[in-house]
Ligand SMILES: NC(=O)c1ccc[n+]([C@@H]2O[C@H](COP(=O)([O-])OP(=O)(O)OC[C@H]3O[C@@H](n4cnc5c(N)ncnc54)[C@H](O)[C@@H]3O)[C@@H](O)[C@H]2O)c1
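Only one chain comes next, encoded as structure tokens, the form predicted alone.
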């Protein structure tokens, strides 16, 4: 990686990936691309930034050629709950945007990172220790775009030799940027409410167990995969990866160790609950561990402690 383009740079993943890559490769060598969400100072003032709709292929081509880009982290996506409300828009952004990036990667010989998701599985998938290779029959438009994205990336690799690589992210937890309409958003919102109100009303059942990951591990996974020797990669698109698996009640109990007065209640959102029930409870990520030495750093306890510490400082400063 010498010159990197990040689409969706103002989103939950991009807002943390961009500074890390700029520190690693140099600010001028990492071009951030956003669209509707206003970029923070950390992105806007530390390197190149452009506001471009992912469906505008010509504008994306100009960025790639003007900056001599050789690697793309394509992070733009309409997330699960929002996508169910706007399925046609989700397909347009998630699939037509990816198609544009794949064509540009083919034309200009760029390596491409694509974030897939546990949503690429479905209710017929084995939910416990979900195998790397198994049935993928999602019943949400978000999941359909993710499994279609995996297949399309695989096709471009086999047919055109594009260096495509992807991971199936679990739910992601971050203290920097609020998530934008995903099914696992509760695992971020709960921390804000715990610190401000000592109470949180969760939209999933108390026993809804799902794979999760703290954002520093997610960022490391994306970079590590793209830096790995291509000869060792068998399951390119995409790898199961996970760090921890828990239910809302378990997360609440871990928070109570730091905030004893914290309480949680449940008002279930049927749409998000149905989505969560169709996803794996825990994925088998041995292929990623074997093929590119994936290993998460954060446990549930370590993540909760760090989230509360970082957010408490932010809330006090606001």
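Residue numbers count along the first chain shown, from 1. As the structure is a prediction and not an experimental result, all values here were calculated from the model.
What comes next is about the form predicted in complex with the named molecule, which does not appear here.
Partner contacts here mean any heavy atom within 4.5 Å of the named molecule in the predicted complex, and among 5-13, 19-27, 306-314, 293-301 they occur only in 5-13.
In the predicted complex, the named molecule sits within 4.5 Å of a heavy atom of residue 184. The shortest heavy atom separation between residue 55 and the named molecule in the predicted complex is within 4.5 Å. Using a 4.5 angstroms limit between non-hydrogen atoms, residue 115 touches the named molecule in the predicted complex. The named molecule in the predicted complex comes within 4.5 Å of a heavy atom belonging to residue 142. Remark: all three candidate residues (37, 77 and 172) come within 4.5 Å of the named molecule in the predicted complex, counting heavy atoms only.
Residue in contact with the named molecule in the predicted complex (any heavy atom within 4.5 Å), chosen from 247, 225, 93, 111: 93. Proximity to the named molecule in the predicted complex, defined as a heavy atom within 4.5 Å, holds among 180, 126, 161, 87 only for 180.
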